[in-house]
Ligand code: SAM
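A lone chain, given as structure tokens: the form predicted on its own.
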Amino acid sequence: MRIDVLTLFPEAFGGPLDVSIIQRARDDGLLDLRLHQVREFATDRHRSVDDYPFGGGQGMVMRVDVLDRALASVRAEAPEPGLVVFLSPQGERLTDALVRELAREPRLILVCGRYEGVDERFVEHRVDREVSIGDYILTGGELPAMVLIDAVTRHVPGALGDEASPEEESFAEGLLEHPQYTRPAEYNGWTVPDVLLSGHHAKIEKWKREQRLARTRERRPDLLPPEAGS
């Protein structure tokens, strides 16, 4: 999978995407991550990427012409045009279902806004999906882009090593994950549920399912499928 990121701050991505599963996926050629400095596509001597909003208002707006040149150049680097995703608090909420949908794309192009946002003409004519990670405002789209990259990469075949892992985590099947335990089996008087030590796989799977339902009912009842009841 290839992910291109259009940003004014490519240096912000160093660190979070250079460790653990993401770095391994990059090293193994499963994730081709490329960062592009939008300012390189400005044409004036000041390399301006923003301007005052028409109609007045606070802050500055990223220019449609600069963004469009950046997108056209990046798109031309590979055969697949790529799905253009603009990280915006006005977008659809990033959910497990959306993550899985995006992970099936061969190429994503993520656009990180700054300042008061981007010229709406770019959104209308060039953006395929607007995505939000929550109902709050950040200083830019870089952190949301990193969240999306991390979440999507986990569903790239081979990225986790264990192909079953994503299906056992929270939000798989719309349910939260069951409690997890490891050694020692007893610590400070705190014990592990007997069923997990029984070796009886059918009973263990039944327990896990019951725990997932109970935890979801308690913590996120909005996620429960209709057949699960209340």
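Keep in mind it's a predicted model, so treat the numbers as computed, not measured. Residues carry their position along the shown sequence, with the first being 1.
There is another form of this protein, the form predicted together with ligand SAM, and it is not shown here; the text below is about that form.
> Among 67-75, 99-107, 112-120, 150-158, which stretch has residues with heavy atoms no more than 4.5 Å from ligand SAM in the predicted bound form?
Replying inline: Careful reading of the contacts points to 112-120.
> Using heavy atoms and a 4.5 Å limit, would one call V131 a contact residue for ligand SAM in the predicted bound form?
Replying inline: V131: yes, in contact with ligand SAM in the predicted bound form.
> Would G82 count as touching ligand SAM in the predicted bound form under a 4.5 Å heavy atom rule?
Replying inline: The answer is no: G82 has no heavy atom within 4.5 Å of ligand SAM.
> Is T139 a contact residue for ligand SAM in the predicted bound form, using a 4.5 Å heavy atom cut-off?
Replying inline: It does: once ligand SAM is placed as it appears in the predicted bound form, T139 has a heavy atom within 4.5 Å of it.
> Heavy atom to heavy atom, is Q90 within 4.5 Å of ligand SAM in the predicted bound form?
Replying inline: Yes, contact at 4.5 Å.
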